[in-house]
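One chain is shown next in structure tokens, namely the form predicted alone.
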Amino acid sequence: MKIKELYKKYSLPTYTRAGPVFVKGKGSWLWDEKGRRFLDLFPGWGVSILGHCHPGIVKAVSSQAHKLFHLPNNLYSAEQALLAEDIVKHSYPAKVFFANSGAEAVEGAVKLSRLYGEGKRYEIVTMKNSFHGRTMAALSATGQKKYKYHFRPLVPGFKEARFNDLGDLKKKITKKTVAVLLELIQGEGGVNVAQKEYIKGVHKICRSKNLLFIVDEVQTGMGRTAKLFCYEHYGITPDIMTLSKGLGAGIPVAAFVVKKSISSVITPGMHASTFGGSPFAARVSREVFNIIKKEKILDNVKIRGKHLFQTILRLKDKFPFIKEIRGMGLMLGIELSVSSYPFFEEALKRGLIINSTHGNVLRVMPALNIDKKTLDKGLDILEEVLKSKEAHSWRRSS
């Protein structure tokens, strides 16, 4: 039985899958079962920040696989402790809890904020168009109806404010509010970038009202924006930061990072994870930090990010259905005046993998170590997609 038939017969239909069956990856390239090569400018949904099968990651995986995969978290693991040290040394004085996914990290941050509220304050203000995960609290925090509608009743205690609107945020804060949770760049929401003055204003409000400032860096963390963590662009420090995706560069691992001054609100038995921060995942994540430093990945993101933005800006002049370009570093959103999904499909036919999100936004998030030649190859294909006859017919039909 063919692979796609096996999916249809045995897998729950929770994904709209597209393209061929992929069997191998290296760097920014994927190969399908027929040997065809595809250029991946959205590797692993933003997870594979070092591309597919980076030699350093492969070596770390192999080495740790011969030593120790898993330990329960009531025993000591050297790799987990060293990874916690790496995260804190590269961010701010804090303590770290390890999980497996971004949604789990957000769940932990929500639980800790409720502890901080001491039963009197529990409401968290989140942002419209945000995305924080699919588990129930993370879903309830997400500011997009399409993800939440079918799962009502949701977890209570969340209010939505308009992104980049400080006045609306102030209106949503009550005596029951304990925290503000936001993404500095809304990825699934269309690559909307937080304004610097807005974030400084949010931070100031949180300080004045004793609210926790929780920053979701699941997609922006680990160098995506040319800083290791996106909050560094804004001149503020969060009280809690959530991490995942690029933290393991392909291996499932996540964390929420809690400012040391508030970390004592959680005590043994209040939160746990069976698999979070295993020796295997922690060793690989430590190698991600090593590679980012050794290969000067942040410098590459800065250079390639500027080139990416300037190239797309030139495409905007050629194609009037490109409305706006948004992003930072190697995280770019191209807002169209028409549906973006047909462009994703056409790109896939031509051997290019990008992403369609929020109905009319194309998202480009290549590996952070991508070279200029490979990036230009992808951008050339994207231009061909935009000017194809199919693209022009989509424009007219809109």
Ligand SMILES: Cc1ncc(COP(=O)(O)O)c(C=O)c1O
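What you are looking at is a predicted structure, and each value in this text was computed from that prediction instead of being measured. The numbering used is simple: start at 1 and walk along the sequence shown.
This protein has a second form, the form predicted in complex with this ligand, left out of what is shown; the following refers to that one.
Peer 1: Just one of G276, G133, G327, G143 has a heavy atom within 4.5 angstroms of this ligand in the model of the complex, so which one?
Peer 2: Contact with this ligand in the model of the complex is made by G133 alone.
Peer 1: Check each of V218, V257, V110, V288 and return the one that places a heavy atom within 4.5 angstroms of this ligand in the model of the complex.
Peer 2: That would be V218.
Peer 1: This ligand isn't shown here, but in the model of the complex, which of 153-161, 119-127, 99-107, 194-202 has heavy atoms within 4.5 Å of it?
Peer 2: Heavy-atom contact with the partner occurs in 99-107.
Peer 1: May I ask you to check whether R224 falls inside a 4.5 Å heavy atom distance of this ligand in the model of the complex?
Peer 2: Because no heavy atom of R224 falls inside 4.5 Å of this ligand in the model of the complex, the answer is no.
Peer 1: Under a 4.5 Å heavy atom criterion, is E183 part of the interface with this ligand in the model of the complex?
Peer 2: Yes, E183 lies within 4.5 Å of this ligand in the model of the complex.
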